[in-house]
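Next up is one chain by itself, shown in structure tokens, the form predicted alone.
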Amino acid sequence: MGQTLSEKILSRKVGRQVKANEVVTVSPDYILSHDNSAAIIQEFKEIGLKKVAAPEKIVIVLDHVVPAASEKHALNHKIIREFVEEQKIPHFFDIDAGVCHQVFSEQGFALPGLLIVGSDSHTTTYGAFGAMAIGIGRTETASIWATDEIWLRVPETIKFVLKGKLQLGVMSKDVILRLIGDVGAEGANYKAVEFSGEASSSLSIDSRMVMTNMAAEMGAKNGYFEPDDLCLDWLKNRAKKEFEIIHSDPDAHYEAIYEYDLSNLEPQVACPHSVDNVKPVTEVAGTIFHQALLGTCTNGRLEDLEIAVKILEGKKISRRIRMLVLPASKEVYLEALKRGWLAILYEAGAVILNPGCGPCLGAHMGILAPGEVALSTANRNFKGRMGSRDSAIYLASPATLAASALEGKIVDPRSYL
């Protein structure tokens, strides 16, 4: 019996062949954290050690509340900066860099065949590059800083075979929302999720990162695409170190295999208050909302901004709403600036925010009031996610969001392209 990509990566780490459901102790290639590093530092100090075991593996990106929105946040940032200096951690990105998952990828840490762990549930994003990337807790992160080891159960794998071609105005966000709606928010708990098929290979790297990012929303331990030429081209001049391309074996065992023809897929919307409460846009068209959020670690990349520009150029968003644009990183922001896209979006009535996570997690720069409704390209719509527990969030693609921003109500974007 062959092995899946996840089984192969863990086998190489252990030094022997492993299979699903085994528990193994492994040393990760990189350990990511963000603003929650302040809490992790406290837990690390309680262990009683003076030095982290492998400072070269630690990557810290300040992104959740940047710039600091309160004295408490400012103190946390100060604690982190001092710890980075004290421990001589070489991979530190301060408040100007952007959202951790985009920065981690752009800076060449997300590579094929690597085992990556991070104290953020959307660490699964790096599976877009053929890595095994797993979200972990703060206590686990502190223990890895101390020991350079973690134990993991080898996950079973669910395979999604994607066929056909997406219609104009239908994006990878619509695909992953449909998959989550079908399997449920817990349908892939502690499973690996493999995206394959001719449709998946035609997706851009930006689109693949959307899919692997939101694999976490079906409960997946990790989600991935197998590396191909498109992936390797993207990694040129970025990769931080040598890597090994790994593929699942043709005779690998999968717990389940689902096939989808994307040719007839229409835009999808996740309705309050669960990511798996997914409906075709035609069923929720006309829903009034008050705030539109374009961006975040899910859909704040260049192709996301580009399709919004195509829809909004020369037009004005509805006076009934406020629109926030949140590029995922400094690199994305600067490129969008050079192309004139931010000016177009600003002239259309949007507010351009610095790269970060603020409004997505309800920290600052766009909190919802009681009774308000948001349409967002982010990855979660739980109660209270963006502010008041008496507010509501709908999730959609950048195309759906941009078209809906023009009308001040949810619409099908296909007629706007």
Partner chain sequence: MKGKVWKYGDNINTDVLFPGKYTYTLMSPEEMAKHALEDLDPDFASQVKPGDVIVAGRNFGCGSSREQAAACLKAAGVQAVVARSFARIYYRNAINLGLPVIQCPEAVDVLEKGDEIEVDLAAGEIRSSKGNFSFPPFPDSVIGILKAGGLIAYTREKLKEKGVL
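Residue numbers count along the first chain shown, from 1. Not measured: the values here are computed from a predicted model.
The protein also exists as the form predicted in complex with the partner chain; that form is not presented, and the subsequent description refers to it.
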item	value
Heavy atom of each of 194, 201 and 214 within 4.5 Å of the partner chain in the predicted bound form	no
Location of the partner chain contact in the predicted bound form, chosen stretch of 57-65, 41-49, 350-358, 371-379 [non-hydrogen atom, 4.5 Å]	41-49
is_contact(residue 151, the partner chain) in the predicted bound form, heavy atom dist at most 4.5 Å	yes
4.5 angstroms heavy atom contact with the partner chain in the predicted bound form for residue 189	yes
Contact label in the predicted bound form: residue 226 to the partner chain, heavy atom within 4.5 Å	no
In the predicted bound form, residue 208 touching the partner chain (heavy atom, 4.5 Å)	no
Listed residue (325, 134, 321, 97) with a non-hydrogen atom within 4.5 angstroms of the partner chain in the predicted bound form	134
The partner chain: the contacting residue among 287, 107, 274, 147 in the predicted bound form [heavy atom, 4.5 Å]	147
